[in-house]
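To begin, one chain is listed below as structure tokens, in the form predicted alone.
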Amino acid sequence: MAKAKKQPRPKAITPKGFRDYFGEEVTQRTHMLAAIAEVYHHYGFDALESSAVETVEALGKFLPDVDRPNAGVFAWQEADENDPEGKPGDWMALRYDLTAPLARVYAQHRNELPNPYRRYAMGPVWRNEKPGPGRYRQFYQCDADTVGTASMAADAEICMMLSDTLERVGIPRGDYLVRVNNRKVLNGVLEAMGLAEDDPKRDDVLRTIDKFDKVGETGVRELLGKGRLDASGAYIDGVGLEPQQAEPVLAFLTSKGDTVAETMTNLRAAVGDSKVGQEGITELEQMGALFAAAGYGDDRILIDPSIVRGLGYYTGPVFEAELTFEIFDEKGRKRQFGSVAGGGRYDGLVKRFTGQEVPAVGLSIGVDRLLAALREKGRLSATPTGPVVVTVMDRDRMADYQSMVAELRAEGIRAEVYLGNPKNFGNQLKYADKRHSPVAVIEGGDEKERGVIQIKDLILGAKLAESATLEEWKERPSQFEVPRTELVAKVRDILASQAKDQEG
């Protein structure tokens, strides 16, 4: 009889494009999201948790390739349970973002929801795209949207809320800027250029505008014309516009003046007689007036025509939160941190479900990027605080140790009993070190008889071990013997002392 083939063990490896998050990172993200939710809630937005799975039909145009519904998203086809032959049913997919589910939810429940509907949502999204450095297939988004009003007050409010959110989580004023533009203004520029809506050159012009930050005015001028040599010496073909035809785009990109009024004057010249362009400028003026009335100056929110994010998707105002402080890249070069959030008005999204246009505006914060920014600013603790560890000197007295832990927890102090093999006390302290524990509690047989306990300040002990020259630390004991009845009080004193040292 043939011997059964042994099944190979599965590889313990994270799937490509995904990663695992451990205690410190999860805790930091949870705290940051709680702070963001606090601001959103303060502004009157309600939480929404929609399904992580949507039909591909509902995701619709957000897929990179609608002819291949499983491209760009993680998708599968269900079996039709009502078909006796088991024919394939609907295509399902993990959500690609948090906006498409909102459109479905609003269309489905609009008769029960208040109008306008203001909601925020936080959670993971999945994209079946090629992973790269810092680019994962699962990541967190943090959105807030207002659906059901065309008022520019809604757009202005979203921008002001974004400003408040950045400051609330620890990005100080002066280290960020919310930049605002309007898609209608660009549409007016394209009209002034004589490019109809069905002209294929419109997309080429949009792609060229998006390169303004990299190649500057001269580079855009060349790319709108015959083309240019890039940094590597390769020749890039241009859009093929005549110099005069390209002028409205260049006027648009260089229209930012010293004041909002000057910027608006320059934009009106760039769009010429275009009705939609003039409408977009009026909307920007309205938003600017609302910012000024609420006390949000140019140091926080700025009308900036150079912002062109997502201009193929948005239908009105667009905005982007940029962090302006410098960091060093992997090659040691200085650069600005860059964008951590953005959004705008998208009035055509719900129409896919209802047949009627429903105005909407929203923002999305890149959670991982914002966390990285907070780490750069030193606004996140580099070393997490673990639980107080009650060591086990006598395994037959586990009830005594559990009693200590219960007392600490009852007083709001994070604590645990060591549950490994207690034979080697050194291993218990190594465990406490791995857990970043601030305090260890020790009660052996001798301490039990005398009614006392030993409480070890692990943070101070580590500092003493690092350097024998720290005289200011040497003057303070790192281990205390106190009556058993003073367990909670002494632990609380040590934790307070550690917190004071950290602040200092």
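Numbers follow the displayed sequence, beginning with 1. Computed from a predicted model, the values in this text were never measured in an experiment.
Although not depicted, the form predicted together with a further copy of the same chain is the subject of the following passage.
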{"query": "Region of this chain that lies against a further copy of the same chain in the model of the complex, out of 256-264, 318-326, 214-222, 88-96 [heavy atom, 4.5 Å]", "finding": "88-96"}
{"query": "One residue of Gly445, Pro477, Gly451, Gly44 in contact with a further copy of the same chain, assessed in the model of the complex (non-hydrogen atom, 4.5 angstroms)", "finding": "Gly44"}
{"query": "Contact residue in the model of the complex, chosen from Arg375, Lys226, Lys275, Lys130 - any heavy atom within 4.5 Å of a further copy of the same chain", "finding": "Lys130"}
{"query": "Contact of Lys351 with a further copy of the same chain in the model of the complex (heavy atom, 4.5 Å)", "finding": "yes"}
{"query": "Partner proximity in the model of the complex: Thr146 to a further copy of the same chain, non-hydrogen atom cutoff 4.5 Å", "finding": "yes"}
{"query": "Glu112 within 4.5 Å of a further copy of the same chain in the model of the complex, heavy atoms", "finding": "yes"}
{"query": "Partner contact for Gln402 in the model of the complex: a further copy of the same chain, 4.5 angstroms, heavy atom", "finding": "yes"}
{"query": "Members of 35-60 lying within 4.5 angstroms of a further copy of the same chain, judged by heavy atom, in the model of the complex", "finding": "His41, His42, Tyr43, Gly44, Phe45, Asp46, Ala47, Leu48, Glu49, Ser50, Ser51, Ala52, Val53, Glu54, Thr55, Glu57, Ala58"}
